[in-house]
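One chain is shown next in structure tokens, namely the form predicted alone.
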């Protein structure tokens, strides 16, 4: 599933390539991808120009304007296999459900599992439909994040995955952040010092920024705006490496399940 770095790379590309462009056509192959009717979608955005692209956690919100009526805001959630891309001479297959025509520039939305959604929302920044989602992990200040997590009794792995505490961290980046901070996935925040929690917060931001720099992580489906995979996979220290030797101490990396998710960790570097 695309996490914050992957979604940020898509948002950056949309902002760079589409800001100032008018949407002149929209072809819909599978209406179930939309959170409203095809007709309502076309009325809201076709003929309008993109004048802003915002990301919050794993959500992208695109602002469309025509200079007359109130702006329209389209929120995109890629879910598990959603992809947005441009490719010269690309022949759409059965998994391309939306094709946008920006005055001659063709942008495809492809989604094998069909779990993604493109929905009109009320605001361009943190719309009411995602009021349950916490502050963006890259933007949240330590004081706010600490206040949301320090008193909790659940395992750190589960709490970092909780999008209501802070949005954007997924399984890959939680494992990597906890490893760098030397925190076991089953450790509880109420048992950790403020300094150790600060390490988790700081290093989670570092991991996210490094992954954004390398185009995100691709294991199966994620491709960037130009159809290329992310390169952060080669930087991973523990995620997906159960049974291999730790790059720091050489101890065998182990795996357990926390909050229903596989969690990779080093038993020597991350002692509970």
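All of these numbers come straight from a predicted model, not from anything done at the bench. Numbering follows the first chain given and starts at 1.
Although not depicted, the form predicted together with the DNA is the subject of the following passage.
Colleague: Of the listed stretches (36-44, 241-249, 199-207, 51-59), which one has a non-hydrogen atom within 4.5 Å of the DNA in the model of the complex?
Modeller: It is the stretch 51-59.
Colleague: Of the residues 115, 90, 102, 85, which one places a heavy atom within 4.5 Å of the DNA in the model of the complex?
Modeller: Among 115, 90, 102, 85, a heavy atom within 4.5 Å of the DNA in the model of the complex occurs only for 115.
Colleague: I'd like to know if residue 194 sits close to the DNA in the model of the complex, meaning any non-hydrogen atom pair within 4.5 angstroms.
Modeller: Although the DNA is absent here, residue 194 would stay clear of it in the model of the complex, with no heavy atoms inside 4.5 Å.
Colleague: Residue 95: heavy atom within 4.5 Å of the DNA in the model of the complex?
Modeller: Yes, residue 95 lies within 4.5 Å of the DNA in the model of the complex.
Colleague: Is there a heavy atom of residue 163 lying 4.5 Å or less from a heavy atom of the DNA in the model of the complex?
Modeller: Yes.
Colleague: Is there a heavy atom of residue 177 no more than 4.5 Å from a heavy atom of the DNA in the model of the complex?
Modeller: Looking in the model of the complex, residue contacts with the DNA do not include residue 177, since no heavy atom lies within 4.5 Å.
Colleague: Using the arrangement in the model of the complex, list in sequence order the residues of 16-51 with any heavy atom within 4.5 angstroms of the DNA.
Modeller: Read in sequence order, the lone residue that approaches the DNA (within 4.5 Å, in the model of the complex) is 30.
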